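Presented below, as structure tokens, is a lone chain in the form predicted alone.
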Amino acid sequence: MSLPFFLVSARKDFRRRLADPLAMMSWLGIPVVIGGLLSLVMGGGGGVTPKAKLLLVDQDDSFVSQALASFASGGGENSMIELVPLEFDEARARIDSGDGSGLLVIPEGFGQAIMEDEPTQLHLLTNPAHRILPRILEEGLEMLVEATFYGQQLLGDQLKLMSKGPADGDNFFANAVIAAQAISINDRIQAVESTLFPPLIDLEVEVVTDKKESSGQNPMTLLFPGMLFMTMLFIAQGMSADLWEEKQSGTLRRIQSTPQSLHSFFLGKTLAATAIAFGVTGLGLAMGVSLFDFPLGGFLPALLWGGFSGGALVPLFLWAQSLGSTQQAGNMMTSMLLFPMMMLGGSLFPMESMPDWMVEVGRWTPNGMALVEFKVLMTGAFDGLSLLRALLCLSGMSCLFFYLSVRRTVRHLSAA
């Protein structure tokens, strides 16, 4: 049993795309490359803070060295330094094997030297295989050295007194000594208050409720769908360019001399583009689930909608291509259509970051309307009324431009 002509046409166009791997790779590679780059930038699922693993050998074991370790690992989960206390031999073996961004050795007597304002050294050995993370450790230690210097300039006398301890035979400082030191410290801080705590900025806090706020939302749910629909636009433009190859090879003229119609021929092209759109959508969503923790429950609805939307855009570009009197003019017409749609429809910038007037316009572009519903479906949510409205609008738009493109082709492009 022979296939209907529109399926034969779809199979022909799909095979032609498979026979042109460079074009297929350029379409399919867009979400792969962009997704991979964004994964590197965002650190994978949700933007994990990079951490420098610092192997710490504390040979001093004093209050000052423990305070240094606490300062280095401060910030909890958000800290950029992961502190691993070890003995020297084990730490040296691990850094030599590449396990860690740096090895910090706090020598014996370090705390006493700091308290008495005497020379001392910290020994930092960095991993040459790492480029950025060791620099974080170096910058942190440089800040610590600066803070220690100014602290000694400010409270050097008090620190020396505390280092010497109580008078011989006493377990505690005398009350008069404690009071005198407290007053002295207070006087020193008051003297430099304007320098330590300058009133540079008067902060006024105003809570604003933004309708576009996405609190707690994975930023990739804002960026990646737009990039995916950018791919859909490129697919539609690329498939529409086949119109001129069909004209130059005489296919359009020959079809009109057969019982078959251009409607079936164009339907085949649309179905072939829809199949490719399904493949690109599935690839993009699979990357989103694995790399960016997109909800798995939204995979199938978003896949169906993405494939349908990609196919629905093709007749619009076929019509734009048919408006040109030459292939160059046709490609220019589709480019003039492509870039405004990318800008307004949320492919270049997320709609959440666009001005309100631009969002209102973008929601009524075909790709913008499809993108809004795609984001909702991708998160596993469902708004039946909004989805139905978008489905009817995209279907009506697709049918209208399908009719116009066929009519224009019959009158102008299929002539010998």
Partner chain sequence: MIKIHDLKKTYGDQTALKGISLSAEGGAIYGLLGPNGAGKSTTIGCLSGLIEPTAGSAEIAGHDVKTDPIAAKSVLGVVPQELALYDDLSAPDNLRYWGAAYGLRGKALEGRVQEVLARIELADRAKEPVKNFSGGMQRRLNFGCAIVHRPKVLLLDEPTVGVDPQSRRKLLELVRELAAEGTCVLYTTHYMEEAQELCDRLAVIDHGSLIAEGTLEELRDRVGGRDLLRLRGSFRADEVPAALAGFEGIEILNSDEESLLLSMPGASRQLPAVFSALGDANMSVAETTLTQPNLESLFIQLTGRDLRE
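Positions refer to the first chain, counted from 1. Keep in mind that this is a model prediction, so the values were computed, not measured.
Below, we refer to the form predicted in complex with the partner chain, which is not included among the displayed structures.
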query: 249, 121, 327, 186 - the one with a heavy atom within 4.5 Å of the partner chain in the predicted bound form; finding: 249
query: Selected contact from 260, 127, 152, 274, since only one has a non-hydrogen atom within 4.5 angstroms of the partner chain in the predicted bound form; finding: 260
query: Output flag, 5, 9 and 255 jointly within 4.5 Å of the partner chain in the predicted bound form, heavy atom basis; finding: yes
query: Close approach of residue 265 to the partner chain in the predicted bound form, 4.5 Å, heavy atom; finding: yes
query: is_contact(residue 22, the partner chain) in the predicted bound form, heavy atom dist at most 4.5 Å; finding: no
query: Residue 16: touches the partner chain in the predicted bound form, heavy atom cutoff 4.5 angstroms; finding: yes
